[in-house]
Structures are given as C-alpha cells and as structure tokens.
Ligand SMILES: Nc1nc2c(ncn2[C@@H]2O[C@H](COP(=O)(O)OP(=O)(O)OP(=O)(O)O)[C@@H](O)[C@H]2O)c(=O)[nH]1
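The chain below stands alone, shown as structure tokens; this is the form predicted alone.
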Amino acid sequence: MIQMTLIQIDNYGPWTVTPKPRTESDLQILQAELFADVQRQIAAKKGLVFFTRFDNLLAVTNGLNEEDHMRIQRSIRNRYPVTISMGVGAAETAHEAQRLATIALQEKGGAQSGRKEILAINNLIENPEDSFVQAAHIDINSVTETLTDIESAFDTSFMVNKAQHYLMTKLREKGALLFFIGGDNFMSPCNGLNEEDLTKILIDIKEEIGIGLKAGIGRADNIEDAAYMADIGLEIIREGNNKEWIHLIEELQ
C-alpha cells in the first residue's frame, strides 16, 4: 500500500489580503520556503513532497506515523505566520490514497473555514510489511537538443507542460499520479501500473504530440528508495542512447 498526505495552508486566501493585500514576491517566497521546509522534514523519514499548487502540497509518506505528522505541524506553527492542516490516507493506488486523504481533511472543514492545524487521518500503514511504493521517473528524450537550445525559454516550457498534461491525463486513468520535478523531469507514484501499460502510454504520447519520453521504474517500501531506483533505471536508458522506453530496478545498487 502507498500512503499519501495532503498538506494545506490554513485560511491562506484570506490571510494573503488581511489587513491588506500582501506583495506577490513575499507570497512567492513564503510558499517556496514553506515547501522546502516541509520537504526537508518529510525527507528525513524517507518521504517526498510535491509542490502541486504550493498552498496545497501532496506527499508520499510511507514510514511516517501520526506523531511524525504532528511534529511537522508544530514546527511550522512555531516558525511561520501560517499553520498547516494535513489529511492522510493509504490505499493500493496513489490516486485513491490521495483521495482518501483529501476527503478526511475536507470533512474537518473547508480550506477557508477558520480550521487550524487539523490532522485528519483516514488510515495509516501500520504494518511495515504492507508498505510498498512504485515510482516512475519520466523525462523527455534529448530535450536540450530538440527544445532548450533551439526554442525560446517560454516555448520550451510550454512543450514540457504539454507533455505533463498528456502524462497526467493518461496516468490518472490508471490510478497513478504525476508531478513536475524540474527541468524536463516528472515523478509518478504509480502503484498498480504494469510495465506494459506505462510503455503504451509513452508510445501513445509520442504518436499524439511528437514528444519522445522514457522512464525508469523503482520499487521499495518507501518513496525515497523507489525514486532513487527509478533514477538508476533512467540513467541506464540514457547510457544506452534511449533505445528503451522503460527500465525497471527492484533492488538498490
């Protein structure tokens, strides 16, 4: 099972304009620093946070218990002008786990309801033997030569976002999630997705929008190790001059 945590800034919208609108640069700095802070704390337990909308973060948190979540909330409260609430859920697929986490938090009140530092748990992975994460690290083939060095910066970003949209749409249908992680790279927590289905998704996108993709896949009891093995799988493809669509690694090397 995979465990997901929704991290939501409490009453963020009203706070940004009270007592008057705050400068956009200050808000961007706050969001970036809060994301980095939460990432650092969750990574200490071999979890991984994705920035999604910045005021709403999603994290794979296999290995974190209730007290771990509460400790992070206390730490943020003590050092920031805002608080965070969290919802936690675990399921066979990442999409279902985040859905359960979202529902658990929504049932405690809306994001702008005055709710403060709620920890809403649908379920946690109690038995370490039940903890399993499959992650795919996906990137665009030869992006430097085909986009970065010949297209404008914005147009390159547009094409990367286009690839992300197609990947998100197709992976979501399979119960997987997809997050942009910088450059031309994406990370997909994809429990339950087999190699054949992922290969077909990459081939379909190549045929539909002309963007070639490749993916390393890793499997472990936590997202840190699974993502690391996915990175290794991706490097093996690169070293083979992109002759594979995907490469699976199941043991740390």
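Just count from 1 along the sequence shown to find any residue number. Not measured: the values here are computed from a predicted model.
A second form of this protein, the form predicted together with the named molecule, is not displayed here; the remarks below concern that form.
Report whether all of Ser142, Asp184 and Arg238 sit within 4.5 Å of the named molecule in the predicted bound form, measuring from non-hydrogen atoms.
Affirmative, all three are within 4.5 Å.
Interface stretch in the predicted bound form with the named molecule - options 151-159, 131-139, 117-125, 168-176, non-hydrogen atom within 4.5 Å:
Among the candidates, contact is made by 131-139.
Verify the contact flag for Lys214: yes if a non-hydrogen atom of it lies within 4.5 Å of a non-hydrogen atom of the named molecule in the predicted bound form, no if not.
Yes, contact at 4.5 Å.
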